[in-house]
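Just the one chain here, the form predicted alone, laid out as structure tokens.
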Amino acid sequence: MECVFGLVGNGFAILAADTSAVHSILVHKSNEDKIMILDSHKLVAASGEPGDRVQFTEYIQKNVALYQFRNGIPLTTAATANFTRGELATALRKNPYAVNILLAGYDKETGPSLYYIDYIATLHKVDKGAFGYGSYFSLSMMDRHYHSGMSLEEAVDLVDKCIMEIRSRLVVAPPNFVIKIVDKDGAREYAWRQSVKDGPVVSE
């Protein structure tokens, strides 16, 4: 029951994702960070099969770093999104990745941006987006409350509204969420919204 969503505000982009690692009816952990920091000014939030999600996002992260190492300049957010889309499209004809991605970044020339990339290599630049069962609620909340030029406080408040809606409406809602932002100062973790914490392992 994964929930990944994000939006673009005034000078920043914000991403939120649940932190549950589940298989079938079992919850393995509740602090799995599904938002990767690609580089200093890019974030990628991914949902999908756990193996595909981890392997593909790490593959993109290392290739973005390799490009910067070889050329001395980082890829723009748009270039990174198109590279990611191309790799998904190539894999689609060979060994598809079951992974959906929200890519957020900040560029000096163009400011913040958010890209929606799904498992069949559809790419769209969006102001707000979501994946997973939580998207049914978070998209409707963002349609109602989102407006261009939101301040950070307004955006975080909207993210919290989405989280509360998911927790109250989804029958098997994930308890914990992580929130990260990217702006002119870089990509960083903003906050966790936790209602369940992993307890210590009890030895016999």
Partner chain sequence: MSIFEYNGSALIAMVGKNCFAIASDRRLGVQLQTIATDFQRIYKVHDRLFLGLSGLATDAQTLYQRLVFRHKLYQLREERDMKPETFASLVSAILYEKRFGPYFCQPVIAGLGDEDKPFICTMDSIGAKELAKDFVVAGTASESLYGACEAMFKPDMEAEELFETVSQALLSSVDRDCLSGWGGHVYVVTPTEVRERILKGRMD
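Predicted model, so just to flag it, every value in this text is computed and none were measured. Positions refer to the first chain, counted from 1.
Another form, the form predicted together with the partner chain, is not on view; read the next lines as being about it.
- Interface residue remark: residue 73 is not counted as part of the site for the partner chain in the predicted bound form, having no heavy atom within 4.5 Å.
- At the 4.5 Å threshold, heavy atoms of residue 95 stay clear of the partner chain in the predicted bound form, well away from it.
- Residue contact check for residue 136: one or more of its heavy atoms lie within 4.5 Å of the partner chain in the predicted bound form.
- Not displayed here, the partner chain is kept clear of residue 87 by more than 4.5 Å at the level of heavy atoms in the predicted bound form.
- The single residue of 56-84 lying near the partner chain in the predicted bound form is 82, the criterion being any heavy atom within 4.5 Å.
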